[in-house]
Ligand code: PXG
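Read the single chain below, which is given as structure tokens and is the form predicted alone.
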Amino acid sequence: MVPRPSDGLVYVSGAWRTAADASVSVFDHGLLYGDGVFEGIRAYNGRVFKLERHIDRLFDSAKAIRLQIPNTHAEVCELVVETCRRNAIHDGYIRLVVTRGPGDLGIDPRKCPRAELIVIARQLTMYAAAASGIRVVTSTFRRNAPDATSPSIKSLNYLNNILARLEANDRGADEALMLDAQGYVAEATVDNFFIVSAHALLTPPTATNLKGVTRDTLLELAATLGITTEERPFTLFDVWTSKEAFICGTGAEVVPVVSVDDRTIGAGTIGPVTARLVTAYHDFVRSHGTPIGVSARTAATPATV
């Protein structure tokens, strides 16, 4: 059966299947208990951006929760590229999910003999442009502590973040800013956070937030642009009095923040440092990455790897 363009092909249970046929067991511990890890990856201009770095982080997250990925690092990279080929992805978003796999009721991971690997690749339609900037409020929900559920693990359990996003929705904001247990700024619900002070571009250390691939890329680009950067703790006072602020992530890219807790940031528009980084990031991601190319296999016939 030839899949409809709107369906696409999903890699799951060792084969590419139409989206309508792709499924996991109701006894999968990823569904029952959020026991698993994931990655979000972008494709630009026929290339997968920082593919190996994303897969490194996927394996690190899996190692932290003692989850054995059923494929090698190289095999997972190839599965991502092949899934993009089979879905004719030129500019798109890839979601990699590794669950503990099907087992039985009860949280004991020993009930799950084999992990489940899922690769989804979609044409990019999920994020709208936010060049004019977004409004942010500080959430009353604190980011998980490193000795609870480490924010460095990109796990399937996002309830902490979802509660903060619900709060932002209720308050009419575009995004929520989360603090750590000590009251320092951690991150937004699904993105890293930066401010521009009088002296440098600042971002929190990664002890209480995800070590984002976009975050790292922006720090590298800032160095090439001669922008001084610092990774250090800072407070809401620093945010409220900053000259510029923005969030960043794989899906969002770089989005300026124009107000936090009803306090206007800078001039209330995208600032000069943020604008330079937006341009540099836009150019960089569209000229670097692993080429997708053309598959030798037909995308019309799901096949087991």
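Quick note: we count residues from 1 along the sequence shown, nothing fancier. Computed from a predicted model, the values in this text were never measured in an experiment.
Separately, the form predicted in complex with this ligand exists; it is not shown, and the next lines address it.
By the criterion of a heavy atom within 4.5 Å, Tyr93 is counted among the residues contacting this ligand in the model of the complex. Although the partner is absent from this view, Ser259 stays clear of this ligand in the model of the complex, with no non-hydrogen atom inside 4.5 angstroms. This ligand in the model of the complex comes within 4.5 Å of a heavy atom belonging to His54. Shown alone here, Gly251 lies within 4.5 Å of this ligand in the model of the complex, counting heavy atoms only. Contact annotation: this ligand lies within 4.5 Å of heavy atoms from the stretch 93 to 101 in the model of the complex, the single such stretch among 196 to 204, 72 to 80, 230 to 238, 93 to 101. A single residue from the set Val137, Val213, Ile120, Leu221 has any heavy atom within 4.5 angstroms of this ligand in the model of the complex; that residue is Val213. If you take 140 to 173 and check each residue for a heavy atom within 4.5 Å of this ligand in the model of the complex, you get Arg143, Lys154, Tyr158, Asn161, in sequence order.
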